[in-house]
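Take a look at this single chain, the form predicted on its own, given in structure tokens.
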């Protein structure tokens, strides 16, 4: 991965994924408008299109927020995680089209500038005058920044921690959109369908995140300092290590992954992937490398480097085995530093 901008390269899987995504979106919008005209013949096509793009965008946002915890619960969801940024860009475009239709319908033609009208038209003491459009506009701006920085060029130049923090704003956008929908469409909608689906979506997202968060409790707790050597911390018993299955812990405030491989070798590397801060301790050991479960980035356990021609590298940790316990030094080595694996007794 280079810091220079490179055009997005679609492999066969991404092409199939995107074709299915576009087809599903077009089918959803067509069905939504068709059913809407059948049920509410007084609605105009413009209004139904506005709602169709809005419902498609909020549905896709729920799917995007669910992919992460689902992939941690079952690796069958990893292909969607692999293409989540494509879903995010598609979701922004849907939201943008919805916003453009809303502005053309309700704000163009008055004496006010259409953008100014968004922030001033919801004025008054009634609940219906709550500035829900302002929340929608704010959420759209967050989604725009996320879509604009979705390319790996920005990931490399902003660095993974900064990029990840920026894209965590999706949860702020989600809250703003919930407010936008609740005080916009739902307060004037007599049918309970929209409110019920929105409520189920919120509960589903909360439940999935709580479930995965609960499952992570204790997996990466801070390892205790070794009584005989303050530079090392006691991570686990040697018996806790299953061959080719990484063990996650926290050492000196750093997430690490301890791996036993090739029979009797034990190494420790950073538990954070350099690509998007993915959880290496939840990955698999393939072809002599620890593989990130999110996007397949790989690192050799003895030096933290990626196999050629890739150039990513992560910090390594000194490790020793004493009386059947795995001890890891509480300070990392510079990224890519070779460390001789500890040899576990047979």
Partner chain sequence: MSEEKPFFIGWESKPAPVISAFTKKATLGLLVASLVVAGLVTAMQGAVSSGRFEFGNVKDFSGVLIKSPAPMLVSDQEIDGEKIFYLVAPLKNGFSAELAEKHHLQQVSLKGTLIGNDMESMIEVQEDTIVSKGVANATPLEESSGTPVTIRGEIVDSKCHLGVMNPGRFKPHRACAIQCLSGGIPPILVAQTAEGILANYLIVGLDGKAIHEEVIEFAAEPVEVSGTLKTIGDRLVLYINPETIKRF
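Residue numbers count along the first chain shown, from 1. All values derive from a computational prediction rather than experimental measurement.
Beyond what is shown, the protein has a form predicted in complex with the partner chain; the following relates to that form.
Requested in this report: State yes or no: in the model of the complex, is some non-hydrogen atom of residue 265 no more than 4.5 angstroms from a non-hydrogen atom of the partner chain?
Outcome: Judged by the heavy-atom cut-off of 4.5 Å, residue 265 is well away from the partner chain in the model of the complex.
Requested in this report: Answer for residue 132 alone: is it within 4.5 Å of the partner chain in the model of the complex, judged on heavy atom distances?
Outcome: It does: once the partner chain is placed as it appears in the model of the complex, residue 132 has a heavy atom within 4.5 Å of it.
Query raised in the report: Is there a non-hydrogen atom of residue 293 within 4.5 angstroms of a non-hydrogen atom of the partner chain in the model of the complex?
Result: Yes.
Requested in this report: Decide whether residue 107 counts as a contact residue for the partner chain in the model of the complex under a heavy atom distance cut-off of 4.5 Å.
Outcome: Result yes; residue 107 sits at the interface with the partner chain in the model of the complex.
Requested in this report: From the candidate stretches 68-76, 142-150, 231-239, 268-276, select the single one in contact with the partner chain in the model of the complex, where contact means a heavy atom within 4.5 Å.
Outcome: Answer to the contact question: 68-76.
Query raised in the report: Counting only heavy atoms and a 4.5 Å cut-off, does the partner chain in the model of the complex sit next to every one of 171, 210 and 337?
Result: Zero of three within 4.5 Å in the model of the complex.
**Report entry** Interface residue in the model of the complex among 197, 158, 89, 97, criterion: non-hydrogen atom within 4.5 angstroms of the partner chain
**Finding:** Of 197, 158, 89, 97, the residue with a heavy atom within 4.5 Å of the partner chain in the model of the complex is 197.
Query - Contact assignment for the partner chain in the model of the complex, among 319, 61, 314, 55, heavy atom within 4.5 Å - result: The residue from 319, 61, 314, 55 that makes the contact is 55.
Query - Residues from 32-53 in contact with the partner chain (non-hydrogen atom within 4.5 Å) in the model of the complex - result: If the 4.5 Å heavy-atom criterion is applied to the partner chain in the model of the complex, 32-53 yields 32, 35, 36, 39, 40, 42, 43, 44, 47, 48, 51.
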